[in-house]
Every structure is written in C-alpha cells, then in structure tokens.
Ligand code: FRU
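What follows is one chain in structure tokens, specifically the form predicted on its own.
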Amino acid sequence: MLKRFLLLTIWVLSMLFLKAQVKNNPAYHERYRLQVHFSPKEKWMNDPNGMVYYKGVYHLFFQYYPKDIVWGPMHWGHAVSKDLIHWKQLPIALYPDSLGYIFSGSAVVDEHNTSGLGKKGQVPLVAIFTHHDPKLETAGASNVQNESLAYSLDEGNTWIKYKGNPVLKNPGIKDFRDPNVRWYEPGKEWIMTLATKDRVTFYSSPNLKNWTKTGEFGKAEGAHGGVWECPDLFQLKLNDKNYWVLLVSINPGGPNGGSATQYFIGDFNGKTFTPADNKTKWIDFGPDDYAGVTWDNTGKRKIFIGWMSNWLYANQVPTRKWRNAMTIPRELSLKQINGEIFLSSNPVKELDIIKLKAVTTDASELFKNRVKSLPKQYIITFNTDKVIDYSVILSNSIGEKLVIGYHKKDNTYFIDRTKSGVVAFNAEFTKPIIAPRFTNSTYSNLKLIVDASSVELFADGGLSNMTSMFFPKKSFDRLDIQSQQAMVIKDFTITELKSIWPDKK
C-alpha cells in the first residue's frame, strides 16, 4: 500500500512539474521543441498535405487536430514560407464536415482553369483530399473514404469546398485515400495516384472533377508489411534522361520497424508504372520520416518534406503542448551507383540562410579530447580517409548519450538511442536503427543536422539517410569521436544554426 502511494505521489509531482514547465516556457521554446524544423504552435500534427508553390510562397498543409496532442478528427492545418525555412502558421484551411474528416491529399495550380472553378480570370488552386466518414466506419462499411475537392481564389489563403463532393466515390475498398494529383503533359490531363490498400491505383481526368480508372501498380512489387499510403508520382532527370519516381509510404513494414517511405524508379505512360527493378528501396531508413511528399509547381526542383514521427509511438512521445514536427525540406535527385539508379535526398540549399558561426576543429584532437561545448542546434560535417568503424557520441553530464556511426562488418550506418534519455514510453523506441551503405568509394562523408530532439543523418551525398527523434532529460552538450582503428577525419566542422522561431519574451 505504501509503495503504491509513493508511486502515485511521484506521478502527481511529475505531472505538476511538466505542467509548470509548459507554463513557464513560451511557445516554440518548450522542452524538446525543434528550433529549425516546422511544428504547429500547439496540438497534434501528422502527414504533410497539399504542398504547392505559387507566386513565391510555399504552402504546407498538414494533418491537424486542434483540440488535443493525440490523433483525433483530422483537419488541414496550414503554414506558409517564402524560403522553406521560416514558417508562419495560418488559420485552419479545411474543417471536418458532414462527409467526414479531412484526410491527406495534394494541391495543384489549375493554370488553365480546366476545373472551371476560377472566376473572373483568377487562377484557382485546387486541393484534392480524402473525406473519411467516421459514422460509416463505426457501422463497419467498406466505403468510408472518398475523394473530394476544395479550391482557393485568393492564392491559397482561404478555401471553398466544392459543392459536388465527393468527385471520386469508393468502389468498396477499405483503404481508398491520399490522392496525389499531377498534370500529365503528354496526355493533356490530370493524373491521380491513389493509395488503395496494398497498391496504388491511377485515375485520369480532364477537369479534376470526373475521374476514370486507368491502371494499378504494386500488388506484387515493393514492401507489403502494412497498408500503402501517401503516394507521390513525379519526374527527375539523370544524364539527360527523364525517369518517373513513385513514392509510397507503408505502415507498418519499415526497414527499422513501423512507418517508412519506399520508392520506385521507372517509367510511366499515363496509365501504368513500370519499375526499373524489383528491389525495395527507402528514401530514409530512420524510424522518424514518414508520409513524405513533394511540392507541386516547383519547376525542375523536387523538394520533399516528411512527418518526423512513427505510428509506433507518435501518440506517446514526451511532449506536452504539441506533438510532432516535419523534417528539414530536402531536394531530391537521382544518382547511379554501379549501374543502379538511386534516389538521393539532401537538405535544401536554403538552410544556409540560418547558418551562423562555423567552427572547424583540428581533426587530430577529436580522438584525444571531447568537444565540451555545443550550440543548441547545428550541423556537423566531416569526411573520413577510409571506411572503418567509428562512432560520434553526443552526451551530457548525467550519462545520457546518442551514438551515431558506421559498422564496417555490416557495411551499415547506425543510430543508437538506447541511453538517449526518456525512452520508456514505448519498447520499440530503443531498437537498433541501421541504414545500408550503397557506394563502394574508399572514403565517406557524413552530415548530421542536430536539433533539440532530432538528428537527421545524410551519408555519402544523400544516398543513405536516417531521421531519428530523441528526448534527453538534459541537452547534449558534449561530443566524442571514437574508433578502434587509426583513421583520418578531414574538414570536421560544426556550424551553428539560428532558431527560426521568435526569441523568448
């Protein structure tokens, strides 16, 4: 009885401490709040949605529940940026209605007003999203998800739902969602790539309102450990040849457990997608990059952003005022390694905007003395003269540490968050995190973007990437590099990043 009382007392005191912590820290400066990544001012967020670039503004919509820090009836939250780094959160764009919650989707610039939704010469922005009917779901129906439209006549600031919704009705597939729409120039038509349970289904339309099924992909391709979600179909060029890239997120079934995003490279003829090979490839091997898609209307650049979390523990991570954030925006490109084509992703060049002081450390000293002072958020970059085992250890004075490195025997990069701080909220959180190395070069390069509670690893030019959250009780302010063999580290640089949020008041 006494033991139970003591445990209850400890729990009550810890809750009071956390509440006081939230109260005493202004918005965007609470414990664990990321300082160079977008997150809403408060409450729950998941998938990025409706990402479109128009008249110098990047629009980022996102799955949002404004009443709690756990998943609930979905809205489309809205944020805008002119540089992909600094974000302004706007009022909610789309609310649930009689047709259901507002699930994921995309948005396009209907430049030629094919939809007829533009008025008096105004170019409409058109959002295509999934209506999810919770009442039908409770009744056990299979047609709970249908595709609908909303449009904006004021450059994306406010949105009007189309009176003829839904524009694509469910034929009886339980998971029928996350429409990704792009203009297909060869056919002079719109193409919708829709997640349909264990595959994607393609539809075409001349006007965004009337849709015809044209083909399917994925029944026998890719990873199938869970349901397919959040597809994205676009083109990239390599050596003057255009390739089609298809992103598909899957939950569960990721390479390190839970959620992850796979990709396919091949050809698309307006109806079907033909992959160049049948290998399963991942845009990010870490556990905390999911449902990522690209902005529409960005020309030759393809800019990707993902939801920084995992459905294994997204509702449990130890934040109190808000939950979850986005990754750093990343520019995508294709690279050929030993005759095989891979999708590479690297932080956008706009990240340079917030770079502050860069400190290049004498590499010979790194193995002798730890770095005893670190900025609050920063980038680490370095090269090695050979590919051997090494570890980069971020730690603090209370014994917590995050270990990042490379295992030569397995030819893998790794992140170990076993002792990284608060980990008990989910047993899956401390499982090993690894990413294979794809290049055979005799040297390696590594870039780490470290924020208050996240690290993003970009290795070998963005071929091997991992995103991971962590929650130390005290900030990591020390850095060590360890290796059992002699190695030369070149150009080791720590670059401080300026917070994108207002200073504390």
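So that there is no doubt, residue numbering starts at 1 and follows the sequence shown. Note that the structure is a prediction, hence the values are computed from the model and not measured.
Note that the form predicted together with beta-D-fructofuranose (FRU) isn't included here; everything after this is about it.
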Site test, Asp289, Ala325 and Glu456 vs beta-D-fructofuranose (FRU) in the predicted complex, non-hydrogen atom cutoff 4.5 Å: no
Residue among Arg330, Arg417, Arg177, His78 with a heavy atom within 4.5 Å of beta-D-fructofuranose (FRU) in the predicted complex: Arg177
beta-D-fructofuranose (FRU): the contacting residue among Met74, Leu208, Leu246, Val293 in the predicted complex [heavy atom, 4.5 Å]: Met74
Distance check, Asn465 to beta-D-fructofuranose (FRU) in the predicted complex, heavy atom within 4.5 Å: no
Ser444, heavy atom within 4.5 angstroms of beta-D-fructofuranose (FRU) in the predicted complex: no
Distance check, Thr193 to beta-D-fructofuranose (FRU) in the predicted complex, heavy atom within 4.5 Å: no
Contact of Phe103 with beta-D-fructofuranose (FRU) in the predicted complex (heavy atom, 4.5 Å): yes
Region of this chain that lies against beta-D-fructofuranose (FRU) in the predicted complex, out of 153 to 161, 226 to 234, 386 to 394, 428 to 436 [heavy atom, 4.5 Å]: 226 to 234
Residues from 308 to 326 in contact with beta-D-fructofuranose (FRU) (non-hydrogen atom within 4.5 Å) in the predicted complex: Trp311
